[in-house]
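Just the one chain here, the form predicted on its own, laid out as structure tokens.
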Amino acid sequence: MISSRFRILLAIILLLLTVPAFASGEPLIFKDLDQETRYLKLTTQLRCLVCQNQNLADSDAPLAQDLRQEIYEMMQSGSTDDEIKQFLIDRYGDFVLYMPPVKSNTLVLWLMPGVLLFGGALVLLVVVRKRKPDSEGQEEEISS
């Protein structure tokens, strides 16, 4: 049996451990709805460098939170979307963009899906062609 003091102590410890989960930074205050929409659009176009499969708007990583704050401050100081993107590209490379520009170093990113799709179709075609003669040969053996 667990004593009631121990249960109370355990409950207090668990409550104290959950406090950081609910703590978040100051809410961002925008000048108008257009600026907020611009901020949301921009943060969904940029990749979280920690998660790599999430955009900045959806990521809870500390680096993503810092980058969102940096973007907010740059917007408040009058930076354009292109200036903000260029700042992040200069700092982290083209990988920070979900749609990186077509360059020699990003060409593989743009061509790989097509190459994989073509390769998969080619493998499927070869497998289907190899199966057809076998199935016809089996039918002839069955009928004789």
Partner chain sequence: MIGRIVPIVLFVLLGVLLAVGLKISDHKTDIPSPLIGKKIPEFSLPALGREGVTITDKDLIGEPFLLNVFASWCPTCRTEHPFIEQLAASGRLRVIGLNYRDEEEDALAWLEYFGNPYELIMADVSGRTAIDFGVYAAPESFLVDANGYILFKQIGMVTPQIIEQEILPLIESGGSSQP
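Please read these numbers as outputs of a predicted model, since none were measured by experiment. Residue numbers count along the first chain shown, from 1.
From this point on, the text means the form predicted in complex with its partner chain, which you will not see here.
Under a 4.5 angstroms non-hydrogen atom cutoff, its partner chain in the predicted bound form has residue 90 among its neighbouring residues. Of the heavy atoms in residue 118, none are within 4.5 Å of its partner chain in the predicted bound form. In the predicted bound form, its partner chain lies within 4.5 Å of some heavy atom of residue 66.
Taking the partner from elsewhere, residue 37 is found to have every heavy atom lying beyond 4.5 Å of its partner chain in the predicted bound form. Note on contacts: among 33, 50, 99, 111, the single residue with a heavy atom within 4.5 Å of its partner chain in the predicted bound form is 50.
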